[in-house]
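Single chain ahead, written as structure tokens, the form predicted alone.
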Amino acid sequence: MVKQRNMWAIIFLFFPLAIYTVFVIMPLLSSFYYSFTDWNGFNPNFSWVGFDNYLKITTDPTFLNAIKNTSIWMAAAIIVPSGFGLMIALILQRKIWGANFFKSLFYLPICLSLAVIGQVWIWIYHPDLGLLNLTLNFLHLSFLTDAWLSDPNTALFAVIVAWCWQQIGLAMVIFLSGLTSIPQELIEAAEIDGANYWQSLWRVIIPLLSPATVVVIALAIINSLKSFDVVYIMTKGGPFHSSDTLAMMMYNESFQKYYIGYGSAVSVVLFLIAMIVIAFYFRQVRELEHLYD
């Protein structure tokens, strides 16, 4: 009976594992291999260049700029969605009127693809007809208007705002789930001891939200590292590489300039950064497992 069950388990796992191997594992290994070559994507006669691609990225201004922009994006991903998501979750958790409606409203953007989000925010940022500049003009703040996506000083932050707007809903849902798991007796005990709402928030609620916070931050960092579509739709990394990220640079080097070897080296660096974040996430989850008991 046990052998028969194991046989069926192998049969059912075979096809998903085969598909995963073909579409994930093999391309991943290919990227590692091509990162040590000068392949252009077409010529079958390419050379093995060893670590030359990796040495090149350490001095490439475009790569260093992409690292800087990705770091800024990661910092914003940690602060903005987490902060606003927690604030909204705390408000909606207090059973205000229309709470379910507002939960749906704030969660709606996460149901849309980032390509759609990009198109929406392109309209919002339009220099002449965009909602943002029209609102500033209506408030007699015309001096603050700008061509947000065409200005190298604002393009990156404009794209980050669009991305964060979508991610807030995901953070809100995770924090709401964490809030429902907090025993109400602990909060009531703190109130009996004389703690006001803010003291209960900082000394009881937020510490007990640590598991949810770890999940929110880890997902935000991972999603920020692989953000490509919203950048491609809104700016394509421009103007003048001002909104370039590692994912966008990898695409440009591989499929615009046809430096597959160099683009693969950038993708390997991006993969290693993501693995470090994932390893940190699992380590924190293991340390916080006792909070779920």
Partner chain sequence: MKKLVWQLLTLTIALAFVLSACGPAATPEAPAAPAATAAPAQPTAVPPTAAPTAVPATAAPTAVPQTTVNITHYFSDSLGKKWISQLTDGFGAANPQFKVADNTTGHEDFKTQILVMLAGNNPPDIFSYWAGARTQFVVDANRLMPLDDWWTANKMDDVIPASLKPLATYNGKIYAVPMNAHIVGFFYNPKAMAKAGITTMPTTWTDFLAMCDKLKAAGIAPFALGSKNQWPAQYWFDYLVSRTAGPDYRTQLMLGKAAYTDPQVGKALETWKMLIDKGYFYKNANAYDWTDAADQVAKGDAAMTLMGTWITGYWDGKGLKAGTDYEFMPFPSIDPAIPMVVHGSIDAWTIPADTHNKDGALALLAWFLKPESQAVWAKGQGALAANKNTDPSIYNPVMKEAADYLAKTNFLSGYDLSTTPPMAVGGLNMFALMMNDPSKYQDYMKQTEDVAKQVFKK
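None of the values given here were measured: they were computed from a predicted structure. Residue numbers count along the first chain shown, from 1.
The same protein also has a form predicted together with its partner chain, omitted here; what follows describes it.
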Inset, instruction - Spell it out for me: taking its partner chain in the predicted bound form, does every residue among 13, 68 and 207 have a heavy atom no farther than 4.5 Å from it? - result: no
Inset, instruction - Tell me, please, which stretch of 125-133, 187-195, 164-172, 102-110 lies within 4.5 angstroms of its partner chain in the predicted bound form when heavy atoms are compared? - result: 125-133
Inset, instruction - Let me know the one among 255, 33, 46, 54 whose heavy atoms come within 4.5 Å of its partner chain in the predicted bound form, would you? - result: 255
Inset, instruction - Flag residue 230 as yes or no: does it have a non-hydrogen atom within 4.5 angstroms of any non-hydrogen atom of its partner chain in the predicted bound form? - result: no
Legend entry - in the predicted bound form, residue 17 touching its partner chain (heavy atom, 4.5 Å): no
Inset, instruction - Please run the contact check for residue 211 against its partner chain in the predicted bound form: heavy atoms, 4.5 angstroms, yes or no? - result: yes
Legend entry - its partner chain contact in the predicted bound form: residue 75, any heavy atom under 4.5 Å: no
Legend entry - Contact set, 133-156 vs its partner chain in the predicted bound form - heavy atom within 4.5 angstroms: 147, 150, 152
